[in-house]
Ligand code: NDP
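Consider the single chain below, provided in structure tokens and representing the form predicted on its own.
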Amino acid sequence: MSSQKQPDQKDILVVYHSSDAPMEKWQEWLSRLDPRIRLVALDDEASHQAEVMITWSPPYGAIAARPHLKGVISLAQGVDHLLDDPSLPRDIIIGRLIDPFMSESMAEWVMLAILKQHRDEAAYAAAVPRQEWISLEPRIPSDYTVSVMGIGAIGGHVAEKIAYFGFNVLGWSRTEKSIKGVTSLTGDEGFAHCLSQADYVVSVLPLTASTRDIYDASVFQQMKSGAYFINCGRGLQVMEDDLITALDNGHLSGACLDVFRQEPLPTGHPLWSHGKVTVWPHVSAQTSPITAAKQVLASILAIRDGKPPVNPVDISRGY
């Protein structure tokens, strides 16, 4: 339903569209920093006068339909949900959110996924109903290799945290990085080396033309026998039938997935009930206005002034 309030001349109109957090929550935290900010929904007539949009996955055409927009801010690090829109104006400014809280959250989630396997959580949990007091051989972290595919702003933090726990950590990225405790690899040879050496493969890759469908049967086959696959990057990077095959034939020991080709994951999808798969509903790194409002506001004001946002996106590169 459209808002009846007429915009005040002092208002800074910003279009808001996201399912992650209510608009009222973002309005509260942005207003604390700048009382001029007024968020409006897509169905509000005033949205057609706004110069900035903050969003996660708006409908195709929503940006192009608002001719006054100077820029768009993604409420996450990924921007594929914007770039996939065929009607997206190619000259529009795009910013993304790189929030330390989100990086820390994803590192927590990845460590949870790794440590549940490393500490045999499933075996100990299964022993409880049997009232069986068991003791399994402990594993030494330095004997195990974790490959983090994509060591950018978030992935680099994830890799560093894993190294802190004593694991041997390899990291792959488009360009070489310097991260404490992490061996940085690049190129096709580096990618293959990361796959073949890892006991745990953690994907934090952005979705681009070169990474879409990247995890197919041939890539799973390159992984070390018995490897465990963890994906908190993008669902469209994984050929899910090929992953299920690699799990069913025993080549991979299991998978922990936070992202999927279709979200929400459809009822009846085989990943829901697969015994070797842990399903999470895309919550490994949730956006919080409490921690992100300051950065988002800075980008809003910069875009209105014709300046780059805090974390500008190179549309040609895809991130």
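In this text, residue numbers run from 1 along the sequence as written. In this text, all values refer to a predicted model and were calculated from it rather than measured experimentally.
The protein also exists as the form predicted in complex with the ligand; that form is not presented, and the subsequent description refers to it.
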Full three-residue contact with the ligand in the model of the complex, heavy atom 4.5 Å, for G152, S173 and R234: yes
In the model of the complex, is there a heavy atom of the ligand that lies within 4.5 Å of any heavy atom of V259, even though the partner is absent here? yes
Contact of V169 with the ligand in the model of the complex (heavy atom, 4.5 Å): no
Taking any heavy atom pair closer than or equal to 4.5 Å as contact, tell me whether R119 reaches the ligand in the model of the complex. no
Give a yes or no for A227: in the model of the complex, does one of its heavy atoms lie within 4.5 Å of a heavy atom belonging to the ligand? no
Thinking of the ligand in the model of the complex, which stretch from 193-201, 82-90, 244-252, 208-216 has heavy atoms inside 4.5 Å of it? 208-216
Heavy atom within 4.5 Å of the ligand in the model of the complex: which of M223, I94, M102, M111 fits that? Just give me the one. M102
Would you kindly say which of A292, V52, L30, A285 lies with a heavy atom within 4.5 Å of the ligand in the model of the complex? A285
Let me know which residues along 70-90 have a heavy atom within 4.5 Å of the ligand in the model of the complex, or say none if there are none. Q77, G78, D80
